[in-house]
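What follows is one chain in structure tokens, specifically the form predicted on its own.
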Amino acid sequence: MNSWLLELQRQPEHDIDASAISLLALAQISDADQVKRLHLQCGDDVCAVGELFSVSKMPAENELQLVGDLSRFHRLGMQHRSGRMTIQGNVGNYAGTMMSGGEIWIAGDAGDFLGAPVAGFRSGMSGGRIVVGGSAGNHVGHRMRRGEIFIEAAVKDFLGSHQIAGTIVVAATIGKSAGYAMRRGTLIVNQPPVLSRTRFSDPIEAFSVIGPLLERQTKAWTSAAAPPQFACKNVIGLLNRIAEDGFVSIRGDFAVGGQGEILFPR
């Protein structure tokens, strides 16, 4: 399984559908020129990877690294299922859409619909792990079925909307309508969310093995596998507070018969 480093050389003039930049596809390619010839949808036109990126092979196994501000690149990591994608910069919308395994590490900010399905599909992320070193937009984890998302900074509205399962941890502020229409799954946030009293339960204070267990697991994979810039200090700090002081639990969304759980520190 080949590994590749793609470094952005110039910003595109239009938004890019970057779903073709896939570790699954690139790992099967051994020739850099072949990678450069891959086509990307660029607005109403197409362009080649080599027109925007320098391409070089890396000695690592089954890994793809991208460097640069990729805010205009959408659908990066689409259907990712093994290995690691590392993005040293920002990404656009739908990063990690419909991924089922492996890891995606984003050093900067992510756009809207992180881990969510694209139009025409009902299921979002169904496995694997996404780590965001910065902030994220609206609808993080929309229709998420399994897996984990960790975000060091703030997220916007509709966190975990229509979530079915899986865990999302946000170490800073969240926007409106968190957990909207969630059925199951867990949101761990840094502050008491503003929720509808008719759709969610009253808050209940609790101690549980979940807090210490999740803290230990997160420390283990960050220390074992995370690049230094992905130390997840804010996430680990939040989980440490929950492990030591307990948490407050809110359940819902009762409007859809949901029994999802939103946790925050006591």
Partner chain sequence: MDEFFHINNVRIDATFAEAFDMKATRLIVTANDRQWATDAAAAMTGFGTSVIACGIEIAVERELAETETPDGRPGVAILAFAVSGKEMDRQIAMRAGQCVLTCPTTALYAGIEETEPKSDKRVPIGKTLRYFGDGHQISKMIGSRRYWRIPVMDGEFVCDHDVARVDGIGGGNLILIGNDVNAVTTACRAAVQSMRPIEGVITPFPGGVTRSGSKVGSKYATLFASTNNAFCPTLRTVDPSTQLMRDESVVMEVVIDGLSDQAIAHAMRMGIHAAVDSQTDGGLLRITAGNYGGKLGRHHFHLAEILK
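Positions refer to the first chain, counted from 1. Only a predicted model underlies this, so the values are computations on that prediction, with no experimental measurement involved.
Although not depicted, the form predicted in complex with the partner chain is the subject of the following passage.
J.: Looking at 22-30, 215-223, 51-59, 230-238, which stretch has residues with any non-hydrogen atom within 4.5 Å of the partner chain in the predicted complex?
T.: Selected range: 215-223.
J.: Within 4.5 Å, heavy atoms only, which of 38, 210, 42, 67 is in contact with the partner chain in the predicted complex?
T.: When the partner chain is considered in the predicted complex, the option within 4.5 Å is 210.
J.: Counting non-hydrogen atoms within 4.5 angstroms of the partner chain in the predicted complex, say which of 146, 81, 156, 72 makes the cut.
T.: Here the answer is residue option 146.
J.: So in the predicted complex, are 129, 167 and 261 all sitting within 4.5 Å of the partner chain, heavy atoms only?
T.: Per the other structure, all of 129, 167 and 261 touch the partner chain.
J.: Please determine whether residue 184 contacts the partner chain in the predicted complex, using a 4.5 Å cut-off between heavy atoms.
T.: Residue 184 belongs to the contact set for the partner chain.
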